[in-house]
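Given next, in structure tokens, is a single chain: the form predicted alone.
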């Protein structure tokens, strides 16, 4: 069985090998994970993936199979180091469900150079994916204005990414997922209905609907747009009666079709039958349907691809060596040296007004409503984060609270500045 070598890039092992050879592997270092900027058009980011990182860190081991595959790649001394690898450093970070902005020190990893650099790909692969999905999902939840959303993107992405995407979407406020693995692993409520293949399997639509109702009860959701939607709704109510749970429409002019479907259902006495819309929805399409008689939405492709921003643009940079700040100066890719911390300032009314990023240990004067953002996650290689920091329900509530604190203009889908400005303080 493989361990976690596939979560490590070769260039990381190249640096470890060289550092072991020249004696710099044990230098005390601080790495920070952050985004230089938000994706184009976005006004905030959502932290997601912390729980997954902590779980992965606890089992981050190089198995015998991993080491055998790495034998042609690295020297024997590096293989010996990898064989005994256990992360022994510290990790601090923003809790899941917290918002982040350009330059926010979302994750801080402290330890020896070799200990910390080997985690770069692991951390970036988790946070770049999960933060991108959660950030897009949060915009969709806001656009839905209280109507539930179903995550149904499993068939549009890698099988493991599908599970992580379902987790991130649920964290961001989605109600359910169609992914059963996500339900089993993360306790996310699952939901789903038949596809067009079910209708096409049968000799006619009434037979398909009657069979589904017989098996699943009148509370099921019937997909009514395989042929003609108006006839499909007639057939659906005939099969289930006025107590039919829901109809789903997956194509066409969804707003107009939702209005027509509502009128038709009401005329048939199915006043309580819900209307579920799906079919290439994103936050903009959902917002455009806000005035229509829609009860819930199913979102797939746009969700699992971050709705145009499939990566959060996170980087993992060395910012301190043996207590000395270090920084990258490459054009357009500069970094700020030195370990940092952050707090968010709030008005007495609860509205967030500023994110302050400052040199670690300098501790600016905090107002009565201000809040320090990072929390201890790992100490001496052991996870110390308590359950509220890793629990999905707690993260959902944390994000809900954070978004309530954002100025209203920061929740717009239109382009604009970050919802909360960031101020960077320098050391004395």
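Positions refer to the first chain, counted from 1. Remember, it's a predicted structure, so these values are computed and weren't measured experimentally.
What follows is about the form predicted in complex with another copy of the chain, which we do not show.
Against another copy of the chain in the predicted bound form, would residue 129 count as a contact residue? Criterion: heavy atoms within 4.5 Å.
So residue 129 counts as contacting another copy of the chain.
Another copy of the chain contact at residue 18 in the predicted bound form, heavy atom, 4.5 Å:
Yes, residue 18 sits close enough to another copy of the chain in the predicted bound form that at least one of its heavy atoms falls within 4.5 Å.
Taking heavy atoms only, is residue 203 within 4.5 angstroms of another copy of the chain in the predicted bound form?
The answer is yes: residue 203 has a heavy atom within 4.5 Å of another copy of the chain.
Does any part of residue 218 reach within 4.5 Å of another copy of the chain in the predicted bound form? Heavy atoms only, please.
Residue 218 lies outside the contact set for another copy of the chain.
Which pick from 357, 143, 275, 163 sits with a heavy atom within 4.5 Å of another copy of the chain in the predicted bound form?
The residue from 357, 143, 275, 163 that makes the contact is 163.
Another copy of the chain isn't shown here, but in the predicted bound form which of 263, 84, 159, 256 has a heavy atom within 4.5 Å of it?
Of 263, 84, 159, 256, the residue with a heavy atom within 4.5 Å of another copy of the chain in the predicted bound form is 159.
For the chain seen here without its partner, which of 267-275, 338-346, 178-186, 86-94 has a heavy atom within 4.5 Å of another copy of the chain in the predicted bound form?
That would be 178-186.
Counting only heavy atoms and a 4.5 Å cut-off, does another copy of the chain in the predicted bound form sit next to every one of 122, 154 and 250?
Spot residues vs another copy of the chain: full contact, yes.
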